[in-house]
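So this first bit is one chain, no partners, the form predicted alone, shown in C-alpha coordinates.
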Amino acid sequence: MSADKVRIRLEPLSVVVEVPRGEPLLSSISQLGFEFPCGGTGFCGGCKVRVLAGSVLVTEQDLSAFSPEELAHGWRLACQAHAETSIVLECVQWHMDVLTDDSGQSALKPGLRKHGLGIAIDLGTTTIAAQMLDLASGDILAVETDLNPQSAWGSDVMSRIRAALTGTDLTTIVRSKLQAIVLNLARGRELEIDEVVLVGNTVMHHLFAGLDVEPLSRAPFESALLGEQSFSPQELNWPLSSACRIRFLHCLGGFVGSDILAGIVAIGMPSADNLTALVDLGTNGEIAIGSRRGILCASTAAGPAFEAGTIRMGMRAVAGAISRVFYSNANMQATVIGDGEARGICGSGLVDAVAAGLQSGAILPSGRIANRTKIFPVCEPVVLDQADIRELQLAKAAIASGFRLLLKCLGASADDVQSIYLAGAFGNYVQIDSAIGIGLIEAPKTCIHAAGNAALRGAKALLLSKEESALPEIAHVSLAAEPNFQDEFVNCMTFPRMKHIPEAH
(Lines give C-alpha, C1' and ligand atoms only; values in the text may rest on other atoms or scores of the structure.)
Protein backbone atom coordinates (compact mmCIF):
# COMPACT_ATOMS: atom_id res chain seq x y z
CA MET A 1 0.00 0.00 0.00
CA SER A 2 1.41 3.39 -1.00
CA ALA A 3 2.06 6.16 1.54
CA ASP A 4 -0.78 8.28 0.16
CA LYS A 5 -3.32 5.49 0.78
CA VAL A 6 -4.95 4.26 4.00
CA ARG A 7 -6.90 1.09 4.69
CA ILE A 8 -10.40 1.02 6.21
CA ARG A 9 -11.83 -2.24 7.54
CA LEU A 10 -15.55 -2.32 8.19
CA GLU A 11 -16.97 -4.74 10.72
CA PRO A 12 -18.95 -6.99 11.16
CA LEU A 13 -18.59 -7.91 7.46
CA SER A 14 -14.77 -7.48 7.49
CA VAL A 15 -14.90 -5.48 4.26
CA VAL A 16 -11.57 -3.79 3.47
CA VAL A 17 -11.19 -0.78 1.21
CA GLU A 18 -8.13 1.31 0.38
CA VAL A 19 -8.75 5.03 -0.08
CA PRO A 20 -6.68 8.20 -0.56
CA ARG A 21 -5.44 9.63 2.72
CA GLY A 22 -7.72 12.39 3.96
CA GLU A 23 -10.76 11.28 1.91
CA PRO A 24 -14.16 11.72 3.59
CA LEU A 25 -15.57 8.45 4.90
CA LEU A 26 -18.90 9.26 3.23
CA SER A 27 -17.43 8.92 -0.26
CA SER A 28 -15.31 5.94 0.80
CA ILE A 29 -17.96 3.68 2.29
CA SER A 30 -21.25 4.80 0.75
CA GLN A 31 -20.56 2.69 -2.33
CA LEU A 32 -20.37 -0.35 -0.06
CA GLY A 33 -24.00 0.14 0.99
CA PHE A 34 -23.42 2.06 4.22
CA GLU A 35 -26.40 4.35 4.73
CA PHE A 36 -26.31 8.09 5.45
CA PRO A 37 -29.96 8.82 6.41
CA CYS A 38 -29.80 12.63 6.18
CA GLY A 39 -27.50 12.65 3.17
CA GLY A 40 -24.33 13.51 5.09
CA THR A 41 -25.42 16.72 6.81
CA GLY A 42 -24.60 15.46 10.31
CA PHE A 43 -28.14 16.25 11.43
CA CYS A 44 -29.70 12.85 12.12
CA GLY A 45 -26.91 10.83 13.78
CA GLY A 46 -27.91 7.74 11.79
CA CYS A 47 -24.39 7.01 10.50
CA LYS A 48 -22.80 6.27 13.86
CA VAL A 49 -19.65 4.16 13.76
CA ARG A 50 -17.28 3.08 16.50
CA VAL A 51 -13.54 3.26 15.99
CA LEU A 52 -12.11 -0.12 17.02
CA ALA A 53 -8.54 0.55 15.87
CA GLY A 54 -6.76 3.65 14.66
CA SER A 55 -8.11 7.13 15.28
CA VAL A 56 -10.67 9.54 13.86
CA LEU A 57 -10.65 13.19 14.89
CA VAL A 58 -13.61 14.49 16.87
CA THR A 59 -15.62 17.11 14.95
CA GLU A 60 -18.02 19.80 16.15
CA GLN A 61 -20.92 17.62 14.99
CA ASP A 62 -19.53 14.70 17.03
CA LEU A 63 -19.51 16.89 20.14
CA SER A 64 -23.21 17.61 19.60
CA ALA A 65 -24.17 14.03 18.78
CA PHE A 66 -22.31 12.10 21.51
CA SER A 67 -21.69 12.28 25.22
CA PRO A 68 -18.08 12.55 26.47
CA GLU A 69 -18.26 8.87 27.46
CA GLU A 70 -19.43 7.84 23.98
CA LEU A 71 -16.68 9.88 22.35
CA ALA A 72 -14.14 8.23 24.64
CA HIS A 73 -15.44 4.83 23.50
CA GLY A 74 -14.79 5.75 19.89
CA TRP A 75 -18.22 6.76 18.59
CA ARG A 76 -18.16 9.13 15.60
CA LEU A 77 -20.44 10.34 12.80
CA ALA A 78 -19.11 8.70 9.64
CA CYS A 79 -20.48 11.48 7.44
CA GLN A 80 -18.19 14.03 9.12
CA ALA A 81 -15.04 11.90 9.40
CA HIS A 82 -11.96 11.66 7.17
CA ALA A 83 -9.59 8.73 6.66
CA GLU A 84 -6.31 10.20 7.91
CA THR A 85 -4.90 6.85 9.11
CA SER A 86 -5.75 3.19 8.65
CA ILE A 87 -8.77 2.39 10.83
CA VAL A 88 -11.19 -0.38 11.80
CA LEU A 89 -14.82 0.67 12.20
CA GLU A 90 -17.80 -1.11 13.72
CA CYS A 91 -20.74 -0.51 11.36
CA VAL A 92 -23.76 -1.69 13.30
CA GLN A 93 -26.04 -0.90 10.35
CA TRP A 94 -24.83 -4.06 8.68
CA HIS A 95 -26.44 -6.39 11.18
CA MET A 96 -29.80 -5.76 9.46
CA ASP A 97 -31.57 -8.64 7.69
CA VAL A 98 -33.25 -8.11 4.33
CA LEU A 99 -36.77 -9.50 4.06
CA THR A 100 -37.21 -11.94 1.16
CA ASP A 101 -39.90 -14.45 0.22
CA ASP A 102 -39.57 -18.24 0.18
CA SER A 103 -42.87 -19.12 -1.50
CA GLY A 104 -42.24 -21.50 -4.36
CA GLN A 105 -44.13 -23.61 -6.83
CA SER A 106 -47.22 -24.43 -4.80
CA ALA A 107 -47.86 -20.80 -3.86
CA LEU A 108 -47.14 -19.23 -7.24
CA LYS A 109 -49.02 -21.56 -9.62
CA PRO A 110 -46.49 -21.58 -12.47
CA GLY A 111 -46.66 -23.54 -15.68
CA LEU A 112 -47.80 -20.89 -18.14
CA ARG A 113 -44.34 -20.79 -19.72
CA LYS A 114 -42.44 -23.72 -21.20
CA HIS A 115 -38.81 -22.89 -20.51
CA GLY A 116 -36.29 -20.27 -19.52
CA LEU A 117 -35.25 -18.38 -16.42
CA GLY A 118 -36.74 -15.25 -14.92
CA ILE A 119 -35.66 -12.79 -12.25
CA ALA A 120 -37.97 -10.87 -9.90
CA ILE A 121 -36.57 -7.83 -8.07
CA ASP A 122 -38.04 -5.78 -5.24
CA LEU A 123 -36.14 -2.48 -5.38
CA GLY A 124 -36.76 -0.91 -2.00
CA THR A 125 -35.63 2.47 -0.75
CA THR A 126 -33.29 0.81 1.75
CA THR A 127 -32.91 -2.80 0.61
CA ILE A 128 -32.97 -4.89 -2.55
CA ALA A 129 -34.30 -8.45 -2.70
CA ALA A 130 -34.05 -10.53 -5.89
CA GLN A 131 -34.76 -14.14 -6.86
CA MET A 132 -34.15 -16.20 -9.99
CA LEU A 133 -36.86 -18.71 -10.94
CA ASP A 134 -37.35 -21.56 -13.35
CA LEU A 135 -40.25 -20.22 -15.44
CA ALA A 136 -41.65 -23.69 -16.12
CA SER A 137 -41.72 -25.01 -12.55
CA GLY A 138 -41.71 -21.84 -10.45
CA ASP A 139 -38.78 -23.17 -8.42
CA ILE A 140 -36.54 -20.57 -6.79
CA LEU A 141 -33.01 -21.22 -8.06
CA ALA A 142 -31.08 -18.39 -6.41
CA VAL A 143 -31.55 -15.50 -4.00
CA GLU A 144 -29.60 -12.24 -3.65
CA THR A 145 -30.10 -9.37 -1.21
CA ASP A 146 -28.24 -6.11 -0.78
CA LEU A 147 -28.58 -2.56 0.45
CA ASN A 148 -29.66 0.13 -1.98
CA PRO A 149 -26.49 2.14 -2.77
CA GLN A 150 -28.59 5.29 -3.14
CA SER A 151 -28.80 5.29 0.68
CA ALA A 152 -25.66 7.42 0.78
CA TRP A 153 -27.88 10.31 -0.35
CA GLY A 154 -30.53 9.87 2.34
CA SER A 155 -32.71 7.14 3.81
CA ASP A 156 -36.06 8.44 2.54
CA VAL A 157 -37.46 9.12 -0.93
CA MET A 158 -37.60 12.91 -0.51
CA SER A 159 -33.85 12.97 0.22
CA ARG A 160 -33.27 10.97 -2.98
CA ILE A 161 -35.44 13.38 -4.94
CA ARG A 162 -33.46 16.35 -3.62
CA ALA A 163 -30.19 14.64 -4.51
CA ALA A 164 -31.38 13.88 -8.04
CA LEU A 165 -32.59 17.43 -8.56
CA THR A 166 -29.21 18.82 -7.52
CA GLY A 167 -27.38 16.73 -10.12
CA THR A 168 -26.55 13.40 -8.47
CA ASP A 169 -26.81 10.49 -10.91
CA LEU A 170 -28.79 7.99 -8.84
CA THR A 171 -29.88 6.14 -11.99
CA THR A 172 -26.46 4.79 -13.01
CA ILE A 173 -25.69 3.93 -9.38
CA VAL A 174 -28.74 1.69 -8.93
CA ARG A 175 -28.57 0.17 -12.41
CA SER A 176 -24.97 -0.88 -11.76
CA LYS A 177 -25.89 -2.46 -8.42
CA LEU A 178 -28.79 -4.36 -10.00
CA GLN A 179 -26.58 -5.53 -12.85
CA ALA A 180 -24.20 -7.06 -10.28
CA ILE A 181 -27.13 -8.71 -8.49
CA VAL A 182 -28.49 -10.16 -11.76
CA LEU A 183 -25.07 -11.56 -12.69
CA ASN A 184 -24.64 -13.08 -9.22
CA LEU A 185 -28.02 -14.77 -9.61
CA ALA A 186 -27.30 -16.07 -13.12
CA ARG A 187 -23.74 -17.32 -12.50
CA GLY A 188 -22.99 -18.20 -16.10
CA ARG A 189 -26.60 -18.67 -17.25
CA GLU A 190 -27.11 -15.07 -18.37
CA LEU A 191 -28.23 -16.05 -21.88
CA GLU A 192 -31.01 -18.25 -20.43
CA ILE A 193 -32.73 -15.33 -18.70
CA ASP A 194 -35.97 -14.64 -20.54
CA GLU A 195 -37.34 -11.78 -18.45
CA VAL A 196 -36.55 -9.50 -15.50
CA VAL A 197 -39.46 -7.93 -13.59
CA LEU A 198 -38.84 -5.08 -11.15
CA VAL A 199 -41.19 -3.49 -8.65
CA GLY A 200 -40.69 -0.57 -6.30
CA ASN A 201 -42.15 2.68 -5.10
CA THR A 202 -42.74 5.58 -7.47
CA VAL A 203 -39.41 7.27 -6.76
CA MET A 204 -37.44 4.04 -7.28
CA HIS A 205 -39.42 3.51 -10.52
CA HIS A 206 -38.51 6.97 -11.78
CA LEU A 207 -34.87 6.87 -10.71
CA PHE A 208 -34.24 3.43 -12.24
CA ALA A 209 -35.88 4.49 -15.50
CA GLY A 210 -34.11 7.84 -15.62
CA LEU A 211 -37.38 9.80 -15.44
CA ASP A 212 -37.79 13.34 -14.11
CA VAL A 213 -38.60 13.25 -10.38
CA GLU A 214 -39.30 16.99 -10.12
CA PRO A 215 -43.12 16.57 -10.18
CA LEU A 216 -42.79 14.28 -7.15
CA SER A 217 -41.01 17.00 -5.15
CA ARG A 218 -44.02 19.29 -4.77
CA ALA A 219 -47.78 19.19 -4.27
CA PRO A 220 -49.86 17.50 -5.59
CA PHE A 221 -46.96 14.96 -5.86
CA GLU A 222 -48.23 13.50 -9.13
CA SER A 223 -46.27 12.37 -12.18
CA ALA A 224 -47.48 11.84 -15.73
CA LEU A 225 -44.91 9.04 -16.17
CA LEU A 226 -46.33 6.25 -14.03
CA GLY A 227 -46.56 3.60 -16.75
CA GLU A 228 -44.52 0.43 -17.16
CA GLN A 229 -40.95 1.09 -18.27
CA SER A 230 -39.37 -1.52 -20.58
CA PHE A 231 -35.71 -1.87 -21.50
CA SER A 232 -33.50 -4.08 -23.61
CA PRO A 233 -30.32 -5.44 -21.99
CA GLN A 234 -28.33 -3.29 -24.40
CA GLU A 235 -29.98 -0.10 -23.11
CA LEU A 236 -28.89 -0.95 -19.57
CA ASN A 237 -25.54 -2.45 -20.59
CA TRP A 238 -26.52 -5.74 -18.93
CA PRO A 239 -24.84 -8.78 -20.57
CA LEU A 240 -28.07 -10.75 -21.11
CA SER A 241 -29.65 -12.23 -24.20
CA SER A 242 -30.91 -9.59 -26.66
CA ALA A 243 -34.31 -11.33 -26.48
CA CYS A 244 -34.60 -10.73 -22.72
CA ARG A 245 -37.26 -8.26 -21.56
CA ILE A 246 -36.56 -6.01 -18.56
CA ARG A 247 -39.71 -4.43 -17.16
CA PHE A 248 -40.29 -2.06 -14.25
CA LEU A 249 -44.02 -2.50 -13.60
CA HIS A 250 -46.37 0.48 -13.58
CA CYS A 251 -47.21 2.61 -10.58
CA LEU A 252 -50.77 3.09 -9.39
CA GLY A 253 -50.65 6.84 -8.80
CA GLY A 254 -48.78 9.53 -6.89
CA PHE A 255 -46.61 7.78 -4.33
CA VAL A 256 -48.30 4.38 -4.75
CA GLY A 257 -45.83 2.31 -6.72
CA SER A 258 -45.65 -1.06 -8.41
CA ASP A 259 -44.58 -2.64 -5.11
CA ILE A 260 -48.18 -2.10 -3.96
CA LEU A 261 -49.50 -3.47 -7.25
CA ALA A 262 -47.40 -6.59 -6.66
CA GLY A 263 -48.56 -6.77 -3.05
CA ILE A 264 -52.19 -6.60 -4.14
CA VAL A 265 -51.56 -9.61 -6.40
CA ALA A 266 -49.63 -11.47 -3.69
CA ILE A 267 -52.42 -11.39 -1.11
CA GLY A 268 -55.09 -12.41 -3.63
CA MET A 269 -57.10 -9.18 -3.47
CA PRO A 270 -58.05 -9.31 -7.20
CA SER A 271 -59.94 -12.57 -6.69
CA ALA A 272 -61.31 -11.94 -3.19
CA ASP A 273 -65.08 -11.95 -2.71
CA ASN A 274 -64.89 -9.85 0.45
CA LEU A 275 -62.98 -6.68 1.20
CA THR A 276 -59.27 -7.26 1.79
CA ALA A 277 -56.68 -4.65 2.75
CA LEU A 278 -52.94 -4.22 2.27
CA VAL A 279 -51.06 -1.72 4.44
CA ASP A 280 -47.39 -0.98 3.83
CA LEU A 281 -46.08 0.79 6.91
CA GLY A 282 -43.20 3.13 6.19
CA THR A 283 -42.21 6.77 5.82
CA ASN A 284 -44.69 6.87 2.96
CA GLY A 285 -47.53 4.62 4.09
CA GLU A 286 -49.49 2.98 1.29
CA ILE A 287 -52.95 1.47 1.69
CA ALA A 288 -55.07 -0.59 -0.70
CA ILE A 289 -58.55 -1.90 0.06
CA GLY A 290 -60.81 -3.84 -2.29
CA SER A 291 -61.94 -7.09 -3.84
CA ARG A 292 -62.56 -8.58 -7.25
CA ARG A 293 -65.19 -5.86 -7.76
CA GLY A 294 -62.68 -3.01 -7.53
CA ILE A 295 -59.79 -1.65 -5.49
CA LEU A 296 -58.95 1.77 -4.05
CA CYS A 297 -55.42 2.78 -3.04
CA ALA A 298 -53.80 5.82 -1.45
CA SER A 299 -50.56 7.02 0.09
CA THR A 300 -50.16 8.99 3.28
CA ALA A 301 -47.11 10.75 4.69
CA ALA A 302 -46.53 8.84 7.91
CA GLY A 303 -43.00 10.16 8.39
CA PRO A 304 -39.98 8.14 9.54
CA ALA A 305 -41.24 7.25 13.04
CA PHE A 306 -41.97 3.62 12.08
CA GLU A 307 -38.25 3.30 11.27
CA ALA A 308 -37.48 5.30 14.45
CA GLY A 309 -35.92 7.92 12.17
CA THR A 310 -37.14 10.96 14.12
CA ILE A 311 -36.89 9.37 17.57
CA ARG A 312 -34.18 10.81 19.82
CA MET A 313 -32.71 7.39 20.65
CA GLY A 314 -34.09 5.72 17.54
CA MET A 315 -32.05 3.40 15.36
CA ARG A 316 -32.51 0.73 12.73
CA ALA A 317 -33.27 -2.86 13.69
CA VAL A 318 -29.65 -3.85 14.25
CA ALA A 319 -27.56 -5.04 17.20
CA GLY A 320 -28.23 -2.95 20.28
CA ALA A 321 -31.74 -1.90 19.26
CA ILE A 322 -34.70 -2.60 21.53
CA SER A 323 -37.07 -4.56 19.31
CA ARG A 324 -39.67 -5.79 21.83
CA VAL A 325 -41.17 -4.21 24.95
CA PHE A 326 -43.94 -5.53 27.19
CA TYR A 327 -45.43 -4.69 30.56
CA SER A 328 -45.38 -7.54 33.07
CA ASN A 329 -45.51 -7.73 36.86
CA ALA A 330 -45.57 -3.93 37.10
CA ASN A 331 -42.31 -3.66 35.15
CA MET A 332 -41.19 -2.81 31.63
CA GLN A 333 -39.37 -5.74 30.03
CA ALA A 334 -37.36 -5.33 26.83
CA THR A 335 -35.66 -7.51 24.22
CA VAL A 336 -32.46 -6.18 22.64
CA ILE A 337 -31.27 -7.39 19.25
CA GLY A 338 -28.00 -9.26 19.74
CA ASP A 339 -28.67 -9.76 23.47
CA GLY A 340 -26.21 -7.01 24.37
CA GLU A 341 -26.61 -3.64 26.04
CA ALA A 342 -29.43 -1.48 24.74
CA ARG A 343 -28.21 1.46 22.68
CA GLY A 344 -31.46 2.66 21.14
CA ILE A 345 -34.89 1.60 19.96
CA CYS A 346 -36.17 0.55 16.54
CA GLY A 347 -39.66 0.97 15.10
CA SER A 348 -41.21 -2.23 16.43
CA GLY A 349 -39.81 -1.51 19.88
CA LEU A 350 -41.21 2.02 19.76
CA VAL A 351 -44.74 0.77 19.06
CA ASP A 352 -44.41 -1.86 21.80
CA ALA A 353 -43.07 0.68 24.30
CA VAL A 354 -45.92 3.13 23.78
CA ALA A 355 -48.48 0.32 23.91
CA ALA A 356 -46.91 -0.87 27.18
CA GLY A 357 -46.93 2.68 28.51
CA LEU A 358 -50.64 3.00 27.73
CA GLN A 359 -51.27 -0.34 29.43
CA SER A 360 -49.38 0.68 32.56
CA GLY A 361 -50.95 4.13 32.71
CA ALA A 362 -47.57 5.85 32.30
CA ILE A 363 -48.75 7.28 28.96
CA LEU A 364 -52.21 8.83 28.69
CA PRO A 365 -54.57 8.46 25.68
CA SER A 366 -53.72 12.07 24.80
CA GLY A 367 -50.11 10.97 24.36
CA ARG A 368 -48.93 12.92 27.39
CA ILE A 369 -46.47 11.23 29.75
CA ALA A 370 -48.31 10.93 33.05
CA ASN A 371 -45.45 11.63 35.46
CA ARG A 372 -44.91 15.18 34.13
CA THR A 373 -41.19 14.59 33.67
CA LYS A 374 -41.68 14.33 29.88
CA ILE A 375 -39.47 11.22 30.01
CA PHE A 376 -40.69 7.62 29.69
CA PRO A 377 -37.99 5.05 30.67
CA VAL A 378 -37.91 1.95 28.46
CA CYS A 379 -34.71 0.05 29.29
CA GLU A 380 -31.64 1.69 30.76
CA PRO A 381 -30.26 3.88 29.24
CA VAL A 382 -32.98 4.14 26.57
CA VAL A 383 -35.87 6.53 27.18
CA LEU A 384 -38.62 8.13 25.13
CA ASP A 385 -39.43 11.80 25.49
CA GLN A 386 -42.66 13.66 24.82
CA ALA A 387 -41.60 14.59 21.28
CA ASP A 388 -40.91 10.92 20.45
CA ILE A 389 -44.44 9.93 21.43
CA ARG A 390 -45.87 12.81 19.42
CA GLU A 391 -43.97 11.57 16.33
CA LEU A 392 -45.56 8.14 16.70
CA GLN A 393 -48.99 9.72 17.14
CA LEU A 394 -48.56 11.62 13.87
CA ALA A 395 -47.46 8.47 12.03
CA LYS A 396 -50.25 6.26 13.32
CA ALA A 397 -52.84 8.98 12.68
CA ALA A 398 -51.74 9.22 9.05
CA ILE A 399 -52.28 5.48 8.53
CA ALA A 400 -55.49 5.16 10.55
CA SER A 401 -57.15 8.21 8.96
CA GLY A 402 -56.16 7.07 5.46
CA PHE A 403 -57.69 3.65 6.14
CA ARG A 404 -60.92 5.19 7.43
CA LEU A 405 -61.25 7.50 4.42
CA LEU A 406 -60.71 4.71 1.89
CA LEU A 407 -63.45 2.72 3.61
CA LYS A 408 -65.78 5.72 3.39
CA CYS A 409 -64.99 6.06 -0.32
CA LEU A 410 -65.98 2.41 -0.73
CA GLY A 411 -69.16 2.92 1.27
CA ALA A 412 -67.93 0.33 3.77
CA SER A 413 -66.97 0.09 7.43
CA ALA A 414 -64.16 -1.65 9.29
CA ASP A 415 -66.51 -4.58 10.00
CA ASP A 416 -66.70 -5.27 6.25
CA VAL A 417 -62.96 -5.96 5.94
CA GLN A 418 -62.25 -9.67 6.16
CA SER A 419 -58.43 -9.58 6.19
CA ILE A 420 -55.74 -6.93 6.66
CA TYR A 421 -52.19 -7.70 5.53
CA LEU A 422 -49.23 -5.73 6.87
CA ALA A 423 -46.48 -5.55 4.26
CA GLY A 424 -42.78 -4.78 4.36
CA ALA A 425 -40.13 -5.19 7.03
CA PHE A 426 -41.89 -3.12 9.68
CA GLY A 427 -45.21 -4.84 9.03
CA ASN A 428 -43.47 -8.19 9.37
CA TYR A 429 -41.92 -7.44 12.77
CA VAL A 430 -44.42 -5.20 14.57
CA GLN A 431 -46.45 -6.93 17.27
CA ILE A 432 -50.09 -6.98 16.18
CA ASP A 433 -51.34 -6.55 19.76
CA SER A 434 -49.25 -3.38 20.05
CA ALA A 435 -50.37 -2.06 16.65
CA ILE A 436 -53.98 -2.46 17.80
CA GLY A 437 -53.14 -1.06 21.24
CA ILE A 438 -51.94 2.29 19.86
CA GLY A 439 -54.76 2.50 17.28
CA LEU A 440 -52.50 2.01 14.28
CA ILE A 441 -54.79 -0.77 13.00
CA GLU A 442 -58.46 -0.72 13.99
CA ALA A 443 -59.57 -4.32 13.57
CA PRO A 444 -59.77 -7.60 15.52
CA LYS A 445 -56.45 -9.38 15.88
CA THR A 446 -57.76 -12.44 14.00
CA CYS A 447 -58.17 -10.33 10.85
CA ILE A 448 -54.59 -9.03 10.78
CA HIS A 449 -51.71 -10.91 9.15
CA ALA A 450 -48.04 -10.22 8.38
CA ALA A 451 -47.60 -10.38 4.60
CA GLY A 452 -43.80 -10.65 4.58
CA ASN A 453 -42.25 -9.36 1.38
CA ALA A 454 -45.50 -9.20 -0.55
CA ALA A 455 -43.87 -7.02 -3.22
CA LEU A 456 -41.33 -9.71 -4.14
CA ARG A 457 -43.93 -12.47 -3.98
CA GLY A 458 -46.28 -10.53 -6.24
CA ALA A 459 -43.46 -9.73 -8.66
CA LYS A 460 -42.76 -13.46 -8.94
CA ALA A 461 -46.42 -14.21 -9.57
CA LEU A 462 -46.53 -11.63 -12.37
CA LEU A 463 -43.25 -12.90 -13.79
CA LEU A 464 -44.60 -16.44 -14.00
CA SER A 465 -47.72 -15.42 -15.90
CA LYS A 466 -47.29 -15.24 -19.65
CA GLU A 467 -49.85 -12.47 -19.68
CA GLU A 468 -50.56 -10.41 -16.59
CA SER A 469 -53.71 -11.66 -14.91
CA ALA A 470 -56.78 -9.53 -15.52
CA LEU A 471 -57.01 -7.16 -12.59
CA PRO A 472 -60.09 -5.31 -11.39
CA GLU A 473 -60.05 -1.55 -11.68
CA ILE A 474 -57.54 -0.01 -9.26
CA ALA A 475 -58.31 3.66 -8.57
CA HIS A 476 -55.98 6.06 -6.77
CA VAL A 477 -57.44 8.39 -4.12
CA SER A 478 -55.64 11.62 -3.23
CA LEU A 479 -56.20 11.85 0.52
CA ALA A 480 -55.06 15.48 0.63
CA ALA A 481 -57.93 16.37 -1.68
CA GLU A 482 -60.51 14.67 0.52
CA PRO A 483 -62.48 17.37 2.39
CA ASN A 484 -62.66 15.33 5.61
CA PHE A 485 -58.99 14.34 5.73
CA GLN A 486 -57.82 16.92 8.30
CA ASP A 487 -60.75 16.25 10.64
CA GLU A 488 -60.22 12.49 10.40
CA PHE A 489 -56.48 12.91 10.97
CA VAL A 490 -57.09 14.90 14.15
CA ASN A 491 -59.61 12.32 15.35
CA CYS A 492 -56.98 9.59 14.94
CA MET A 493 -54.27 11.42 16.91
CA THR A 494 -55.34 10.14 20.31
CA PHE A 495 -54.48 6.66 21.49
CA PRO A 496 -57.19 4.15 22.43
CA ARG A 497 -58.04 3.90 26.11
CA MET A 498 -56.47 0.62 27.23
CA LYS A 499 -57.34 -1.46 30.24
CA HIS A 500 -55.00 -0.23 32.96
CA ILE A 501 -53.00 -2.82 34.89
CA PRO A 502 -52.27 -1.34 38.33
CA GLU A 503 -48.86 -1.82 39.87
CA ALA A 504 -48.57 -4.39 42.62
CA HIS A 505 -48.01 -3.04 46.14
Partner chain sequence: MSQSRELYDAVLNGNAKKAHEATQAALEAGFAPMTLITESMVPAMDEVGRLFEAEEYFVPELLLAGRAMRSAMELLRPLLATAGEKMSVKVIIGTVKGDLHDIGKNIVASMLEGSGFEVVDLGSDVAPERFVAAVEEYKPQFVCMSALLTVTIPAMKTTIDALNAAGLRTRVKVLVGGAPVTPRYAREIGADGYSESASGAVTLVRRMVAIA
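Computed from a predicted model, the values in this text were never measured in an experiment. Numbering follows the first chain given and starts at 1.
Keep in mind that the form predicted in complex with its partner chain is not shown, yet the notes after this line are about it.
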Query raised in the report: Wondering, does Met158 line up within 4.5 Å of its partner chain in the predicted complex on heavy atoms?
Result: yes
Query raised in the report: Is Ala224 one of the residues lying within 4.5 Å of its partner chain in the predicted complex, judged by heavy atom distances?
Result: no
Query raised in the report: Does at least one non-hydrogen atom of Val17 fall within 4.5 angstroms of its partner chain in the predicted complex?
Result: no
Query raised in the report: Even though its partner chain is not shown here, does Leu135 get within 4.5 Å of it in the predicted complex, heavy atoms only?
Result: no
Query raised in the report: Do heavy atoms from each of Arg162, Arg372 and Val490 fall within 4.5 Å of its partner chain in the predicted complex?
Result: yes
Query raised in the report: Just one of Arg292, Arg247, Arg189, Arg368 has a heavy atom within 4.5 Å of its partner chain in the predicted complex. Which one?
Result: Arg368
Query raised in the report: Just one of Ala480, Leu471, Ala475, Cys447 has a heavy atom within 4.5 angstroms of its partner chain in the predicted complex, so which one?
Result: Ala480
Requested in this report: Select, from the options 276-284, 215-223, 70-78, 407-415, the stretch whose residues sit within 4.5 angstroms of its partner chain in the predicted complex by heavy atom distance.
Outcome: 215-223
Query raised in the report: So which bits of 367-401 sit within 4.5 Å of its partner chain in the predicted complex, heavy atoms only?
Result: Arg368, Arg372, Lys374, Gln386, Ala387, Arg390, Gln393, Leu394
